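Before any questions on how it binds or moves, here is one chain, the form predicted alone, in structure tokens.
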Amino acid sequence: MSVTSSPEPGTAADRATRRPRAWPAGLDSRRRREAALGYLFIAPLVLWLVATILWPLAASVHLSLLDVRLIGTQGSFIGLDNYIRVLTDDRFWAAIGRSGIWILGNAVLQTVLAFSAALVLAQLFPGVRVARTLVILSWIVPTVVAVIFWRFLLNASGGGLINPLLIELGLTDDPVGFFSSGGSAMTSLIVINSWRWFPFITVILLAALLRVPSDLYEAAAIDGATAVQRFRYITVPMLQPTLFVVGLIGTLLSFNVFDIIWLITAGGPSSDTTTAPVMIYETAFKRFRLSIAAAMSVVTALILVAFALVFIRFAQPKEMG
């Protein structure tokens, strides 16, 4: 005769049938206070984002639906006419194409320069701390000073330093007009902008490199891995999250560069360096078509959002997903 015993306290059956223990009375109120404190801390940032991003974006959308030419004037409601005009304007899409060339050139050159500099600065050699400090100098130099510096270096009419050096080395017989044609002007601008911004990327990559455990390199070296193999199978995978963030943010920042282009070429020659931001500025403040410029801004913002979503979808590392 078998006897069925009731489940003892602490057994699996008892735990399955036991009612959940009630939380202490003061715990919920404490969590609510902590949540309210967290919302209070992030409220200034949210308000700042609303004031600096959402409100201007909403104002731009509203302005793009009107027919306003000058700042402060009234305009009538014309609906989507400005968007139709922008989307059918070949000059706008040509400016978008030049912005794509600008982004690609800057991305390649800045990545090569920053990666090379970060790999050198990650090594231990006499004066490495001084070198790590000096590498950031070109980034902290004001834009106007950098423009004057480079215009002096690349001056073709006399007084420049680059052309005499090229002639002395036998690379050219006549002074090179770095800003006289579209191809050379765009290339020169990409070099100048990359020179200005690659130190910022170098610092980010250097910080990521210094976080890679040295034991990984030592173990790979003991196993006979070459320097190229260690770079490919250790350095690059460990830097993927950093490269993803730098690629996304760097692309968006490069697209919106206006000051260097405007101060050096003002979009010339023959509009060959007129990128989307330069065209928007000219449309608003030189052609006095404020509403059309607002429509261009909205379309450009949508293009950047679409790019960001696609980039995140296909380039985001798995460990960040």
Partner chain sequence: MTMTRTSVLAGAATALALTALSAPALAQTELLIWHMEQPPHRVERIQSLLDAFNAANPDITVRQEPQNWGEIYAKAPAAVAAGNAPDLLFAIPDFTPLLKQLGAVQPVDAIVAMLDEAHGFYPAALEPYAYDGHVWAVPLYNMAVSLWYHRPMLEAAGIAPPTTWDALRAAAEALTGDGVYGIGLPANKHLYTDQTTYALMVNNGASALYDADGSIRFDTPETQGALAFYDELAAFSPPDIASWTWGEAEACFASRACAMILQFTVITTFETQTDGTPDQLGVAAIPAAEGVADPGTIAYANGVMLLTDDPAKHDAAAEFLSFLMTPENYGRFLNMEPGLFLPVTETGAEAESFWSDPVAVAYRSQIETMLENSRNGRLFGFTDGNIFPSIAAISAQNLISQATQRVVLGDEDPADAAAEVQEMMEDAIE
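Residue numbers count along the first chain shown, from 1. Nothing here was measured: the structure is a model prediction, and the numbers come from that model.
Just so it is clear, the following notes concern the form predicted in complex with its partner chain, a form of the same protein that is not shown.
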- Query: Is there a heavy atom of G75 no more than 4.5 Å from a heavy atom of its partner chain in the predicted complex?
  - Reply: no
- Message: Quick check on L171: any heavy atom within 4.5 Å of its partner chain in the predicted complex?
- Response: no
- Touches its partner chain in the predicted complex: R69 (any heavy atom, 4.5 Å): yes
- Hey, in the predicted complex, does S29 get a heavy atom within 4.5 angstroms of its partner chain? no
- Query: Considering its partner chain in the predicted complex, which of V108, L87, I101, A156 comes within 4.5 Å of it through any heavy atom?
  - Reply: A156
- Task: Scan 266-294 and note down the residues that get a heavy atom within 4.5 Å of its partner chain in the predicted complex; none is a fine answer too.
- Result: A266, G267, G268, P269, S270, T274, Y281, E282, F285, K286, R287, F288, R289
